[in-house]
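Taking the form predicted alone, here's one chain by itself in structure tokens.
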């Protein structure tokens, strides 16, 4: 394991070391200590490495991630995993607002709660939250899956497209064009797969599926009040 003390190495040098990894690296496991809430830790990774951050992080940790697994042993600041393309991010604590924004692929797991706008404009990422999510989560969600083992705040899935939302607890309110959906066998199987991958023990039959009512795809004057 390669260990980096961020208080000594500095953010720029640390990220440069991680970016120097390639498909054929033998330095596959890294540990970062003393993050002290620094921003942009482990951003732009594109190698099959595993990075563990021992502490809480600031803005945009693991943004634009590809291939790598990033473990955060603390809580994560706003924009963690923004534009993730592949790989996995696991947050042991809570996540701040707009977690996984515009994420195209990969998985983000939150062992605590996630704040507002979780999964905003998600484009294929899978997000699994063991606790609750805040208001406007999955706003404009285009594809991918948001799994919430707790409750969801106001305006869940507002103006969503084809993303799927599985909520075990209560939903304070649904956003424009988001509705309750039938939970069929293929959805139960998909949800079980996501929970297994996230390492969360929960019964898929306890969840409710939500998604787009498909009334806002094209402008229709009869639906003007919903815009």
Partner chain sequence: MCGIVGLFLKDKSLEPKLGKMLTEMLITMTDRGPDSAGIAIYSEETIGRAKMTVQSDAPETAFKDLDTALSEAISASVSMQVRSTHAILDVPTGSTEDVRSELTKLGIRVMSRGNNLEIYKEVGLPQDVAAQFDITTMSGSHGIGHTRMATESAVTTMGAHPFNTGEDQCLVHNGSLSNHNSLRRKLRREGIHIETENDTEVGAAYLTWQMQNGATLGEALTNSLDDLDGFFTFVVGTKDGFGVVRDPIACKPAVMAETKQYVAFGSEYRALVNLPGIEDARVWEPEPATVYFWNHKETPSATEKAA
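Residue numbers count along the first chain shown, from 1. What you are looking at is a predicted structure, and each value in this text was computed from that prediction instead of being measured.
What follows is about the form predicted together with its partner chain, which we do not show.
For the three marked residues, 2, 27 and 71, no heavy atom of any sits within 4.5 Å of its partner chain in the predicted complex. In summary, the region of this chain contacting its partner chain in the predicted complex, judged by heavy atoms within 4.5 Å and restricted to 178-186, 37-45, 192-200, 163-171, corresponds to 37-45.
Although the partner is absent here, residue 159 is not a contact residue: none of its heavy atoms lies within 4.5 angstroms of its partner chain in the predicted complex. Mapping the unseen interface onto this chain, residue 88 falls outside it, with no heavy atom inside 4.5 Å of its partner chain in the predicted complex. Looking at residue 145, you'd find every heavy atom of it more than 4.5 angstroms from its partner chain in the predicted complex. Its partner chain in the predicted complex comes within 4.5 Å of a heavy atom belonging to residue 97. Contact annotation for 47-72: residues with any non-hydrogen atom within 4.5 angstroms of its partner chain in the predicted complex are 56, 59, listed in sequence order.
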